[in-house]
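Just the one chain here, the form predicted alone, laid out as structure tokens.
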């Protein structure tokens, strides 16, 4: 089935998922929507997030996508349950990653760096309650201006380092041994985060499990693309042009109203 895989995010964050997915699925076509006119989602109301996510899904349906990936933690945690009720296509979202962190931690202290709306969402709260063991402490930190800095292409890495250090140091001092990146944008600054974190602190991977879930879903639905035709990867944005720092040469980049 040559229909494309649809992916959307509030901006450049989900490119980190697309990067891995295009290698995992070399025959598949992709449509990526960067809704950067409305970025960041993390500061919007739940109603706004649902409305924007629905709009993005409708556009991907217009492109005849066979599956939709919500490559945005804020959108996943605030809208995926409702979207699945409204849309018949398979929808895969970003899991909070709490379960693997809980299974991994030895110090019983887990750090979470995320947007305000992800941390305050019903899905995050339910996942936390379902998986949390009484003696485990979750240390949360809102990433405030990080998404905007990443969208702008990380022009001031010195300033970014300073901000990240102020966010991560209190969690390090709480003896965390793993850190959840609760926003796909933050995968683009993982190297800088690693510079700040002591070697014993593991960054929990949320991209691998999502992409594995997509592959399994495509196999289960029998909709893998087995064609040998040259594939396409189209990336659309509706705000400022995306920073080339994150874009592979294989991507066809275009402005689109959506």
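All figures in this text were calculated on a predicted structure; none of them were measured in a lab. Residue numbers count along the first chain shown, from 1.
Another form exists, predicted in complex with a small molecule; not displayed. Remarks below refer to it.
Item checked: Contact stretch among 232-240, 245-253, 19-27, 5-13 - heavy atom within 4.5 Å of the small molecule in the predicted complex -> Answer to the contact question: 5-13.
Notebook entry, point to check: Would residue 164 count as touching the small molecule in the predicted complex under a 4.5 Å heavy atom rule?
Noted result: Contact with the small molecule, no.
Margin query: Is residue 182 near the small molecule? Define near as a heavy atom within 4.5 Å, in the predicted complex.
Written below: So residue 182 counts as contacting the small molecule.
Item checked: Non-hydrogen atom contact residue 115 with the small molecule in the predicted complex at 4.5 angstroms -> Yes.
Notebook entry, point to check: With the partner left out of view, is residue 39 within 4.5 angstroms of the small molecule in the predicted complex by any non-hydrogen atom?
Noted result: Yes, residue 39 lies within 4.5 Å of the small molecule in the predicted complex.
Next item on the list: Heavy atom within 4.5 Å of the small molecule in the predicted complex: which of 147, 171, 178, 83 fits that? Just give me the one.
Entry: The residue from 147, 171, 178, 83 that makes the contact is 147.
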